[in-house]
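First comes one chain, alone, set out as structure tokens in the form predicted alone.
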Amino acid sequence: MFFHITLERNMQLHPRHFGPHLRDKLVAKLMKDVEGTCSGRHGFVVAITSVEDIGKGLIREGTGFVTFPVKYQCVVFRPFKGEILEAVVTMVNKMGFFAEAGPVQIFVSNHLIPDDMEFQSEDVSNYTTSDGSVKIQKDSEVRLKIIGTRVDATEIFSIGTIKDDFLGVINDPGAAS
């Protein structure tokens, strides 16, 4: 799920960046350092939407660097248990498959795949129904349900299932060929 939240961060800036474009340099450094990162507490930072406040800088003795407290608003993505996501399959093996929904990697175990689907290790590894009508392979789009998440300091791991109503393959790239 996406959230719009306010965060704070202390930014260090080298003295060579001081001048009329100080604010622009701070905002550019903030975007470079923060966007695309993951904090276990808030989730993945997708984008910074605005900078609310840049506090007074504090000179660090001996280095000349200045530390500025910066308050900013950003959009974060954090998956929750029970959430339904659409994801792209990145890898299929006999244990299950991995899929990505934006920055989140989700593992779906073979026990959480419908019973009528079996693993096939042909030229392209996949899970196929007995009649061959539905196939899960690399680059397939699937709708899945998050059944568990584990949060580390810099990463979020998720477990999903497609063994429920209205879940499963949305788009199969192999069907076109």
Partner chain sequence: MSSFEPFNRLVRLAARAFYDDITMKGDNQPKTGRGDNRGMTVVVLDALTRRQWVREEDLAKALKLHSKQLRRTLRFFEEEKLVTREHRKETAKGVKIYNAAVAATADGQQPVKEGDEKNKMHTHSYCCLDYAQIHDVVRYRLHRMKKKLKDELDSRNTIQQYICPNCGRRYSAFDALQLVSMTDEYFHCEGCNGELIAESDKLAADEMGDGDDNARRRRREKLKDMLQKMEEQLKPLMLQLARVKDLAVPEFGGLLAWEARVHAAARVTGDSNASDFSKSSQGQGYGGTPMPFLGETRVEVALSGMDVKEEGTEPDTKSANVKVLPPWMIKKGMVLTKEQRGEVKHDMKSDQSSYAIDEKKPGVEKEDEKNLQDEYFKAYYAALAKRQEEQEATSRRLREEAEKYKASTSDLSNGIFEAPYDRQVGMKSKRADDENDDVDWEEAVPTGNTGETFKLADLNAQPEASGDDEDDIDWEEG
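These numbers were taken from a predicted model, which means no experiment stands behind them. Residue numbers count along the first chain shown, from 1.
Not pictured, yet referred to below: the form predicted together with the partner chain.
By the 4.5 Å heavy atom rule, the three marked residues 25, 68 and 72 all fail to count as contacting the partner chain in the predicted complex.
With the partner omitted here, the stretch from 107 to 115, 46 to 54, 133 to 141, 28 to 36 that lies within 4.5 Å of the partner chain by heavy atoms in the predicted complex is 107 to 115. Contact check for residue 129: every heavy atom lies farther than 4.5 Å from the partner chain in the predicted complex.
In the predicted complex, the partner chain lies farther than 4.5 Å from every heavy atom of residue 101. Taking non-hydrogen atoms only, residue 63 never approaches the partner chain to within 4.5 angstroms in the predicted complex. Contact check for residue 13: no non-hydrogen atom falls within 4.5 Å of the partner chain in the predicted complex. In the predicted complex, the residues of 114 to 142 lying within 4.5 Å of the partner chain by at least one heavy atom are, in order, 119, 121, 125.
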